[in-house]
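Take a look at the structure tokens below, where one protein chain is shown in two forms, each on its own, as structure 1 and structure 2.
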Structure 1
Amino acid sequence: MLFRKRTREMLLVAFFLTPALLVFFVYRIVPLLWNLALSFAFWSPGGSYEFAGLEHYTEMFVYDDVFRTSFVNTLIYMASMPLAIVVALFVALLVNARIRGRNVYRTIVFLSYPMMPVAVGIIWQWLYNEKVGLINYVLQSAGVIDTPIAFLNSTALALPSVIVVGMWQILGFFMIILLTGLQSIPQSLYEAAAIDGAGPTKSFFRITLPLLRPSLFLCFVIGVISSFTSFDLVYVMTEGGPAHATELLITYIYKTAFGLSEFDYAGALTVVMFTLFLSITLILNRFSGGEAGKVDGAN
């Protein structure tokens, strides 16, 4: 009797878990291993696998300049995220104040986050337009520049321009995370600090920042993820150009695999990207005390 109950319970659990696990098995675990296999093989669609050893990795690290560029660009993208976090922290502090209409402010700041990146890229491309773009118009009217700047066609400015858009889009999400963190700080701490004679600045650095650490790291992890996943913006705004100035690892992988049909080499690129991603996330995880790992890397 007991045994039968156990079995039924197991069957039920198995039945309930199977669909989800199957999806993750087929679309997460198998691809990961397949990528690994591809990266050590010579293979093109329709052909047979041949062992390649470290051939792809050698090519990548020794000869492939585009790989190096896209690797560095991905790191730059990632490294610029703290700037967005600082701005988001500033905004979060503002909308955390007891002021009228703060919900409206929160809504507006957050609004850009769920918008389709393809459309966002097209909109910003229009804002950046060299001849009639709003940004150039404002800068010229204000007398900051004399001749219009071709933001997305300049090797120096293209990447920062794309990153600004990425920041603009993710700012609201950071703000909400930091706001949640701020609201979980007990008010009594501030009151106690005030009694002890600590000013706002002091209590910000002594109370707010330390207690906000998990939220800040969470933001950074999300920023890291976005630097690996911002395919859409780059693809729409610059297609990785000019001269690979905005090439990220993910766009390079896409081009290598689906543009050039070099699936094996793209597999090796993916392995490198994934390793980089994993190591950075794990390091961050250490720093933040294990809180930040609980982010879905899925999107």
Structure 2
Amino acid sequence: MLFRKRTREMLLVAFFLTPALLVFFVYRIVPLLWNLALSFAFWSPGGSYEFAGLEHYTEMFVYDDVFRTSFVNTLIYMASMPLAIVVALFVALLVNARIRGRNVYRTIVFLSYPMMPVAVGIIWQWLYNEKVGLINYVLQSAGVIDTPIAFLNSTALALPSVIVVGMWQILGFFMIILLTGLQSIPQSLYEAAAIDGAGPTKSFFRITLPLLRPSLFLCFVIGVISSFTSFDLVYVMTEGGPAHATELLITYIYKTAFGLSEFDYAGALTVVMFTLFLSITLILNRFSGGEAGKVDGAN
């Protein structure tokens, strides 16, 4: 009787999971396997599939300067996320304090995240504009600069300018995650620490930071994902220019596949990007203690 009940439960679970698993397989696993197959072949739409071995990877790592630039730019973009998390933690601590109007402040900070990346890119493209941009107007009016700064047309300033926008947009989301983590910490721990003579600084490093580790890890992972998927923002603002100064792996893959119709080479680029993303996520998980995502009570 018990065996039949367990069998019915398993069949019921399988019935409800199968559609979702099929969608995941068709739209996630199959494209990933197809990209992997393309990376070892010469292929174009309507053409024949010919095995290429490691030709694409040799070209990528030995001869392709744009790939190296986009790879480094992606790492730089990703390296800016810890700074965004630090700023978000500072903001979360402020709006978590008992101050008047803290809900209003939380809303104002969070409003940047729900905005569409295309809209954000257009707005900041105007703000950075050399002729009619608000930032140049304010700086010139204040006497800080004499001539307008070409933020998005300078090979030195374009990437930092785009990174600032990316950090600004995701800051509100990081704040919400960290604020939730802060509010889940029992207040009794701080009261006990105060009785033992621990000040605010010691309580922060001994209580707040250790208990915020899952939230911080989640922010790091989301930051990594954001650095690999910031196509809309970068493409709207600079299209990867000037001179590939803001080219990321994701924009380079798009241009290679849909601009040059080199789907086989784009497949190799996608495999490298996926491998890099997976490696960084595993490293972050390792530094977080290797138990990120673990369900309490699981063996």
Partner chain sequence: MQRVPRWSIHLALVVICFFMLIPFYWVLKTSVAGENIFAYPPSLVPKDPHPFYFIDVWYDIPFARFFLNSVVVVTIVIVLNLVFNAMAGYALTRDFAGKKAILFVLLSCMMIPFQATIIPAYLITAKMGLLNTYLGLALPEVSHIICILVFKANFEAVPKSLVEAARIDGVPEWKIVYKIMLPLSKPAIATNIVFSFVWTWNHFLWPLIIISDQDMQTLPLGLSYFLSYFEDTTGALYAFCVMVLAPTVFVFLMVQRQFIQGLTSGSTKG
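Just so it is clear, the structure is predicted and the values come from calculations on it, not from any experiment. Definition used throughout: the rigid core is the maximal C-alpha set that superposes within 1.5 Å between two forms. Numbers given to residues start at 1 and step along the sequence of structure 1.
- Here, the chain labelled structure 1 is taken from the form predicted together with the partner chain.
- Relative to the superposed core, Gln183 shifts its CA atom by less than 2 Å between structures 1 and 2.
- A movement of the C-alpha atom of Asp196 falling short of 2 angstroms is seen between structures 1 and 2 when the two forms are aligned on their rigid core.
- Taking 2 Å as the criterion, Ala142 counts as shifted between structures 1 and 2: its C-alpha moves by at least this amount when the rigid core is aligned.
- Superposed on the core, the two forms differ at Leu11, whose C-alpha moves 6.1 Å between structures 1 and 2.
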